[in-house]
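In structure tokens, the next block holds one chain alone, the form predicted on its own.
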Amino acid sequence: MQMRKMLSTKNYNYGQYEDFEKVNGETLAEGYNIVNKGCLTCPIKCARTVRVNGEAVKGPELETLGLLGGGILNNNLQKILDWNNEIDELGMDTISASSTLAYAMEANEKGLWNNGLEFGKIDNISQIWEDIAHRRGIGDELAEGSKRLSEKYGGKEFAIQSKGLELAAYEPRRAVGQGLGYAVSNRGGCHLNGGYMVILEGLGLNTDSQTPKGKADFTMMFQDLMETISASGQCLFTSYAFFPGFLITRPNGGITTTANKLIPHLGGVIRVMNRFSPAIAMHLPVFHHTKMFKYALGMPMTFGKYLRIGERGYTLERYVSMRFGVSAKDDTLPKRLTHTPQDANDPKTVVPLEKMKKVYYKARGWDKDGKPTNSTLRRLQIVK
């Protein structure tokens, strides 16, 4: 993320943090991590264990390192470990807490809200978490989140949220498909419900991260696959198994290079697969979940059926949200990400959101207002 300028820094002003080596995963692993833990039989073991005040506790994840590190210009890793534990114990979310704090720091910097919070100044942050949890002093306002704060004090363009949910640490101006996912996600700015397109755009593979080509159709497919994975009770991180290992371990290999160049041009193929998914009456060797589903539950399952289940679930969520007024007007990102280039010399370093949204709605069978059409609802057996 640092190398590819997609590490959110100073409230998404930049995509690289000069002190990232002091707060990155390698530094955590080498100097602070005690042991990795995970669910029974899990080969990933993504839970870190670190020491805070002499006690072994759960360590921070990627989002926490990024947003409580470069996100607020803090290079003190031990502070991140402390804060992560404090936020967890208080029952809050590290992504929303850190991004709301970053908004407040920038609002103070720009003279919109005199709150005393500044980038790089970290001495009183632990008290801030306590005040948010107990709705005391400035914490009473911070508890409302960045969306409501920006409506009160201004600065909507740098309140980094969608549908009221703060974005994860992936800077979408260098991963525009991820930006689309943030905007159209049913949960708001969620990187997982958004489809996690960053895995194609630099985190795993290295396709053209700035082009909108093919991104809408792949976003739909990934969202639907992850919807079924989640609904079936499996960990979403098992979706990495979708990619043959050599594509990740040999990033400069001939096949990997060809795949990276080809993927943006496969939107039409993916569109057909999404639309006529029941016709894919087979298992895909690279996607093991269908066989696991069959063996665990005794239910016949093909890749196409698995994909269609996810499409139905995702569309059902949208259909319910429509009743609460959600439409295309809510599928948005702050203007910093859509109108201000990350690189002032490269106008392409923005998220071309409206262009991708039109393709995405068409791919899903939603109308121009982002609402599933009656024919789509009938096809998915949501209505008769």
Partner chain sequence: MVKVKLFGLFRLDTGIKEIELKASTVKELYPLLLDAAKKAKPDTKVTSKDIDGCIVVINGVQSKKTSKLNDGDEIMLMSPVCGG
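Since we're looking at a predicted model, the values are computed, not measured. Positions refer to the first chain, counted from 1.
Same protein, other form: the form predicted together with its partner chain, not shown, and the subject of what follows.
S.K.: Would you kindly say which of 182, 218, 170, 103 lies with a heavy atom within 4.5 Å of its partner chain in the model of the complex?
M.R.: Contact check passes for 170.
S.K.: Looking at 262, 241, 248, 296, which has any heavy atom no more than 4.5 Å from its partner chain in the model of the complex?
M.R.: The residue from 262, 241, 248, 296 that makes the contact is 248.
S.K.: Work out which of the listed stretches, 154 to 162, 299 to 307, 188 to 196, 114 to 122, brings a heavy atom within 4.5 angstroms of its partner chain in the model of the complex.
M.R.: Heavy atoms within 4.5 Å of its partner chain in the model of the complex occur in 188 to 196.
S.K.: Is residue 340 close to its partner chain in the model of the complex, meaning a heavy atom pair under 4.5 Å apart or at it?
M.R.: No, residue 340 stays farther than 4.5 Å from its partner chain in the model of the complex.
S.K.: Can you tell me if residue 383 lies within 4.5 angstroms of its partner chain in the model of the complex, counting non-hydrogen atoms only?
M.R.: The answer is no: residue 383 has no heavy atom within 4.5 Å of its partner chain.
S.K.: Answer for residue 27 alone: is it within 4.5 Å of its partner chain in the model of the complex, judged on heavy atom distances?
M.R.: Residue 27 belongs to the contact set for its partner chain.
S.K.: Does residue 331 reach its partner chain in the model of the complex, with heavy atoms at most 4.5 Å apart?
M.R.: Flag for residue 331 set to no.
S.K.: At 4.5 Å, heavy atom to heavy atom, what parts of 194 to 213 sit next to its partner chain in the model of the complex? List them in sequence order, or say none.
M.R.: Those in contact are 196, 203, 204, 206.
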